[in-house]
Each structure stands twice: as structure tokens, then as C-alpha cells.
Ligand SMILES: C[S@@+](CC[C@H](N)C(=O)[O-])C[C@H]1O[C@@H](n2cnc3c(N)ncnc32)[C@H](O)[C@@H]1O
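First, one chain by itself in C-alpha cells, the form predicted on its own.
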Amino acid sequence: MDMQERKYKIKETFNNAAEGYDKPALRFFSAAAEHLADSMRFAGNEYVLDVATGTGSVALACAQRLGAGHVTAIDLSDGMLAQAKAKAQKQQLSNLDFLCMDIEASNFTADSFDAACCGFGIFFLPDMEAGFKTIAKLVKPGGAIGISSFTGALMEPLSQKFIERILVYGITMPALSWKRLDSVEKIHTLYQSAGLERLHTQTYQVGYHLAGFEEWWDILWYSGFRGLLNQLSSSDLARFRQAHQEEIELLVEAQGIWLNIEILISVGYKPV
């Protein structure tokens, strides 16, 4: 699969997932966005670029902290952007705009922004280092670049049970994108490749107990996992869901089903 095919598949997957991306089961996105926006330590007047904004969780969190600033949020998925725009309107935030754009084909000029951020999106870039360097070039000297990523144990053991179950149906499991950036060491390498300095990474646990299997299914259906499920026939999908529900319900505790979401929030700076 070449770069354009990969980008098209990403866009298609997230367009399909857009309508349910903000369901309660996926509330870790908003929690992580708050941590990332706080870590940027805005003065309040910055012009900020948010890359791979999705439904706008990070962009909205940043906009709330920028009384005299502005957020430009971009994404490949017009479906996700439609949800983001609706959320901004509902929150009556006007200091941001949303553009359907590929960061690697943008027409922004160098040093256009005071800061840039990306929530759980850098690892989807086909050429991660090149894409990250492109983002860094758009930030003024001294500006912050912040990202969020997941640690290696994301959603375990639920995610592993999902993978084992779907392999039974002959689905080819692609490399898990988020594992490209699941450690402090990998993040440091990425930041160093772009010539950034003063990197600080903090780990946060933003997991919670799911009420039951239906919430876990929401996560599968309205996230990147959807692309795998879409490869099943309707009859196989029904069989998969039934078998998977039975194994997941064995994990129910008094408080529900624990969803482990440990995240890494990293902020580095462009040299002056």
C-alpha cells in the first residue's frame, strides 16, 4: 500500500467512525485533550495549529485557554470535522476554524504559528518523521509542539482478546499504528529528529470502568478498529460479536469492565 492509498484508508475509516467518536465510552479522548492543552502552558494569545484534530477535542480544549489567541485545526476526514464544527458551535467558541487538509500538502508558510499540537495522530502519518518535521517548520522559534500517544498496554486485555478473535476469521492484522510511538524513548527519537529541545513527557492514566459490553463495542465500532470489522461479512460480524461478547463479559467486575488507557503527553520546543 503506497502513501496515498494509506491516507485514503485512514480517511475512510474515520469518516465511518465520526458519528460515534464522541460517545461516552470514548471519553478518554476529552480527558487526554485537557491534559495536552494544560501541558502547552499557553499565555493566552498564541496562534495554534492542531493537526489531525478529529472531532476537535484538543482544538476545543486549546481554544478555551486562548482568550486572545486562535486555533487552526486540520484533519483528513470531513466527517470528523463536521462533528468538530458542531461541538464548537454548541460551546459558542469562535476563536478557531477547521480545515479539511493533509498536513504534508498544506500551504502554510514556515513560522506561521506560535505553537502546534496533535492528539493521538502523529503515529498515523505514513512517514512519521517527515510529517513531524513539517509540523515543526510551521512553528516559530521558541514555540511549543505537544503530542499525545498511548503506552504499550493500551486497552489490555480487551484489545488483545479482540485481536485474537478477529484473526480467527482470516483477517490480516496490520501493524498497530499507535505502537510506533508507545514509549518515551520513541518519542524522544522523534523530537530529536526534528531538532526540538527541552522535551518533557508525562504519563497519565485516563482509564475507567465500562458499564458493559455495549460500551466496549462502541469503542470498537467508532474507532480505528472499525476498519477491521468492516472486512467481515454481515453473518461473520454477527458471529464475531456474539463470541467476543461472551469472552469480554468474563472480565466483568463489581464496577464494570476496566478499560486501561495510559497515555503519554509530550511537549518540546523549537530552538530560538
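We number the residues from 1 along the sequence you see. Since this is a predicted model, take the numbers as computed values, not measurements.
Note that the form predicted together with this ligand isn't included here; everything after this is about it.
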query	finding
In the predicted bound form, segment of 102-110, 154-162, 180-188, 133-141 with a heavy atom within 4.5 Å of this ligand	102-110
In the predicted bound form, A52 touching this ligand (heavy atom, 4.5 Å)	yes
F98 within 4.5 Å of this ligand in the predicted bound form, heavy atoms	no
Exercise: S77 in contact with this ligand in the predicted bound form, heavy atom 4.5 Å	yes
4.5 Å heavy atom contact, I10 and this ligand in the predicted bound form	yes
Non-hydrogen atom within 4.5 Å of this ligand in the predicted bound form for each of Y204, I219 and W258	no
Answer option from L125, L196, A88, I166, heavy atom within 4.5 Å of this ligand in the predicted bound form	L125
Listed residue that, although this ligand is not shown, lies within 4.5 Å of it in the predicted bound form (heavy atoms), from F225, F213, F29, F42	F29
